[in-house]
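Only one chain is shown below, in structure tokens, and it's the form predicted on its own.
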């Protein structure tokens, strides 16, 4: 069916179900959504055996997650999963904000060229999940078990024991580490008895996938008080297969069951698009929360994605943030499992991704308050900002129709601040994600900086430093191993000749030096891998 896909997978009995004693696995991931699948692919690619459990046997329940940002696409590209998404997805970078029928302003999310990935693509979540399931199947170290539902959990001194229900009955499975990536209604969170802390919003929104032909460009369109939906807001996105995502604000008193019925949905869509030549493929009515659990790491149980934190859909922060959780966690958990780092390294996952969740929750809450003001004072402020936006840049900066997802920068103990006497302003600061830029290889092939860095710990040198590197650190010399033909590597890193940047396996900068020395690089490497200066 156009605009909606349904992929079903067979239940298969695992040999673990016939073992006389519970089988022990290094890592078990609960949940085969985008977050759990990305984490499992990254772990398997780093040599860690992983089992993924999912209580369903299919993917394809409406578009759900839709907008995937450049940083998410860069992560998928490193994992070998971006190309099918780019081929299928709708690429966009322009957004437009309207009040009534009037265009207030437009914005460009990637005005500068020279990046491998676009600003955003729109792609129904079931397509992304299918790509990720297919990619995971290519790793011999990974196993995905459908119709395996966790029903009980017991904390062990050195791991976790799970009771897993299947069509053949329950079985016990043990793991050194369990990652809960089982979504907003997380069974694992409930079994652990962990409450969410934050704010629930009362306003209700209609979300629909509508198949139709429309002569409109691929761009984000947001309306305040449109003529077809007076007094409320509306959002329109183009999807693959001739399907359009429509979001309509309904208000806090809307009846969810009644609003899902065709006699309510179809007239609303007709007023918006101005004709009857459409087909509603999927519809839902939702409210949302901006909240999270207190800690993402609980002994040997780790939470990621919507199981750990929830935000409103405005700004595409849910799936993008969850995939960045997986990126942050994968290399750390791999090094702990392989004995290359102490278990205490995982505390940095909690610190870094908790801070990212707080940042996303703050942005999401402000977006929601602007889109759906709850008091007369908030509405007056919103209307004044919209009036200013017609004629001033200041007013446009105040309008918040959903500040779109951007990657987080990590200011934690894993990042080494610039040393005295070496500080430079601007560029790629410690903790920030490494920007992409075009390069060429010595044999003349063209490529990209992030492609050359990959998922390793890398020292990027602007030229030849000649310093000795600690074990496990790979050297990438700009101007020698690869060439910065357009000068964008030096410009985006803000790095002068002779400088160096140490990049973490998740492509965030750990440290930088104008005049690097071997001892300083070794100390920064130990730091980012969770070891103290004394080696404890």
Partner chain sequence: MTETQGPHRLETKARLPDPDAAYRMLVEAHRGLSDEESAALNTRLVLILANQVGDASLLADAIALARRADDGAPAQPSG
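Residue numbers count along the first chain shown, from 1. It should be emphasised that the depicted structure is a prediction, and the values quoted were computed from it without experimental measurement.
Quick note: we don't show the form predicted in complex with its partner chain, though the next part is all about it.
K.L.:
Residue 400 near its partner chain in the model of the complex, any heavy atom under 4.5 Å?
P.N.:
Residue 400 belongs to the contact set for its partner chain.
K.L.:
Taking any heavy atom pair closer than or equal to 4.5 Å as contact, tell me whether residue 166 reaches its partner chain in the model of the complex.
P.N.:
Contact with its partner chain, no.
K.L.:
Is residue 447 close enough to touch its partner chain in the model of the complex, meaning at least one heavy atom pair within 4.5 Å?
P.N.:
Close contact is absent here: in the model of the complex, residue 447 is far from its partner chain, nothing within 4.5 Å, heavy atoms only.
K.L.:
So in the model of the complex, does residue 154 come within 4.5 Å of its partner chain, heavy atom to heavy atom?
P.N.:
Residue 154 lies outside the contact set for its partner chain.
K.L.:
Based on heavy atom distances of at most 4.5 Å to its partner chain in the model of the complex, which listed stretch, 382-390, 297-305, 74-82, 114-122, is the contact stretch?
P.N.:
Going by heavy atoms within 4.5 Å, the stretch is 382-390.
K.L.:
Which residue, 259, 199, 451, 359, has a heavy atom that falls within 4.5 Å of its partner chain in the model of the complex?
P.N.:
Comparing distances to its partner chain in the model of the complex, the residue within 4.5 Å is 199.
K.L.:
Just one of 102, 253, 213, 158 has a heavy atom within 4.5 angstroms of its partner chain in the model of the complex, so which one?
P.N.:
Exactly one residue meets the criterion: 102.
K.L.:
With the partner left out here, which residues of 264-298 have a non-hydrogen atom within 4.5 Å of its partner chain in the model of the complex?
P.N.:
Heavy-atom contacts within 4.5 Å come from no residue here.
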